[in-house]
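Single chain ahead, written as structure tokens, the form predicted on its own.
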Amino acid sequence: MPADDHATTRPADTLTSAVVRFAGDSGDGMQLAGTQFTDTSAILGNDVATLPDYPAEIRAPAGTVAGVSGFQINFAAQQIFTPGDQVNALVAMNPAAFKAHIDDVEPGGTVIVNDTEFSKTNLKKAGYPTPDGSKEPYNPLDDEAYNLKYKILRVPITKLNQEALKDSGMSPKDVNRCKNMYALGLVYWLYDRPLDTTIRHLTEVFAEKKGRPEVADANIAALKAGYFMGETAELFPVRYRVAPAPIQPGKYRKVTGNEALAMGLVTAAELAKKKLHYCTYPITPASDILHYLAPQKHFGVRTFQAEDEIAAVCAAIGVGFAGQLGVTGTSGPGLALKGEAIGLAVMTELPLVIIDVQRGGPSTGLPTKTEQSDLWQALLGRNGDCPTVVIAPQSPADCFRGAIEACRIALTRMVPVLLLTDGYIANGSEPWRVPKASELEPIEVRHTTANRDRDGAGDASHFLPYTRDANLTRPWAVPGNPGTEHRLGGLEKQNNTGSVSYDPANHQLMTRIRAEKVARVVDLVPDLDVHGDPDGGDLLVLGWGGPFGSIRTAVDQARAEGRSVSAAHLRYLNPMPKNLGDVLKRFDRVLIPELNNGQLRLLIRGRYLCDARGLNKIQGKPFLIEEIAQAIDLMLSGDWGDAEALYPQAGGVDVNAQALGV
């Protein structure tokens, strides 16, 4: 119930799930409103999945479509894997937000518009034309077609918020900053959400931390005004209620992918009894990892903001040379800059974790949008034969486990590990069950003091840094220990001694050893699980990274219809699971959805001689469930190789023979 226990008599319809999107100018506070709605829903026990959508420009002109900021949340009484396809309720704070997002609303869906902002000036800023012979620009709210298709509710949010706060003593500018809370209160009423969580947040942030109780009071007043406006104005014939979801017992919290990565890195350092040094250069959408780690000094975490990407990765390599856990984070453009230094880590065989939060490319590309186009760069984007381990978490919460796995492999196998997430995973959020300390396996790290510590390999009187164990892992000697003096560098190393060598046979030997060393990490890679029919069937949908949720949901829908469709998801991309080839052979057809132009598809075709087809979307947006469901239909129809086999666009993607990689 709301904080003052106000009772409502309005009926409530029960839903299994709902998708709400807040949209407005980048200064309208839509991310805060969406985050608070998410936190409240998570506390109520709903399963949640979110999709923040930021403008690509730092400060696009106010009121333009380029400056629209959105936040979508799917909250449900059952397990969900995506932020949803179609929007059930849209809050549009200005004409640009309406224009940018109205097509994503389901027919019959609710659209709450801030009617105050639909002025002549703002309509023109949003790009709405002025019809010939008219002095007024086109206003979509007056268009009968929109009003027949959607439940459009014209609420003068800006004006009502100003009236609610007229006695607050705040400036008009500060009053207008509270209108996001007015809109949030209205949506809280519509979906029967309590106000307590947001009131507590506003009090803690503004009154206690920032010492501005008047700002907290104003925002709380706006929140309550919006809530009670929903109760008294009778705009909505019904309100909606989404019950808690059944979940595995345990302690939960909501996490974003970047937040889970940061916690996983700190945990890995504790498990390995190492100091975490995070060396980075700020880049969207990876910067939040630095923001989360910087305050963790009480865990021994050290953060270093370097002058550029090259300095950041070289510092992290130096941390590994000094015997601690060195991690660097970036996005696609920064990974390109780090390439030569990653090769140095491969040559010196030092532990290093590189996090790449992928975004739209090439070049600067789409800085705030999601993509999966760095797979080839992660696997092949360095000079020479230069292999690294590559891991890709499948969801925001999975980033915690992915970070620990990356650190474990890097520290115990003396090899660089690339961890690939993407903008959707990094900024999206979902519930995460907080593990107990007893559930986390320690990371056993061993530093050598002399070669005799490695079963007597080599001459104990002369340290040999490139002797190896059964996994081809070389000893990790920390500088300063007598008897382990050695040289490292980027020039080719002689086997065992580590001396500089230009011998052709030695170069081929060392190149093959470095490749085989990565290949033997497969012993740590679990077999690939098949969701559906492990013994085979008509179609396998194979994915990696962020599309996990859309693939899983689309496959579950197909299976509910009695279709022979299964799913498998690759978390390890180099080396791949031992049983992948056998899994692929069990299915008549293989579909690979990717947010790129077919990078995994090429690898699968080349390595396993599998005639896989790809569903490729490169729009800066994650897959809709509908898009993958339609691709499944096409694959099963037998028309997957027919260039004329078209069906209607799903979310702007032509799912046809060309899109399927024919």
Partner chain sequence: MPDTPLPTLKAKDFATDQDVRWCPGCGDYAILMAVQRVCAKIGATRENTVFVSGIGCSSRFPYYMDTYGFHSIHGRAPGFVTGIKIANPDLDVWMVTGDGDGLSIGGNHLMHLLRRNVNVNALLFNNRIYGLTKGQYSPTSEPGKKTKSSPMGSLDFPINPLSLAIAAEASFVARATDKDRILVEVLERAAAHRGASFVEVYQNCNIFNDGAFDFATGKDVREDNVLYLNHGKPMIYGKDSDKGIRLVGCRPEVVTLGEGGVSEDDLLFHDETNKTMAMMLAGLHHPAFPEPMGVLYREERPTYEDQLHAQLGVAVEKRGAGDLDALFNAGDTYEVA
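These figures come from a predicted structure and were not determined experimentally. Numbering follows the first chain given and starts at 1.
There is another form of the same protein, the form predicted in complex with its partner chain; it is not shown, and what comes next is about it.
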>> Partner absent here, but in the predicted complex, which of 109-117, 218-226, 514-522, 264-272 has residues with a heavy atom within 4.5 Å of its partner chain?
In response: 264-272
> Is it true that 189, 619 and 624 each have at least one non-hydrogen atom within 4.5 Å of its partner chain in the predicted complex?
Replying inline: no
> Considering its partner chain in the predicted complex, which of 336, 170, 153, 315 comes within 4.5 Å of it through any heavy atom?
Replying inline: 315
> Among 447, 436, 166, 209, which has at least one heavy atom within 4.5 Å of its partner chain in the predicted complex?
Replying inline: 436
> So, in the predicted complex, is residue 301 in contact with its partner chain at a 4.5 angstroms heavy atom limit?
Replying inline: yes
> At the 4.5 Å heavy atom threshold, is residue 137 in contact with its partner chain in the predicted complex?
Replying inline: no
> Wondering, does residue 341 line up within 4.5 Å of its partner chain in the predicted complex on heavy atoms?
Replying inline: yes
> Is there a non-hydrogen atom of residue 472 within 4.5 angstroms of a non-hydrogen atom of its partner chain in the predicted complex?
Replying inline: no
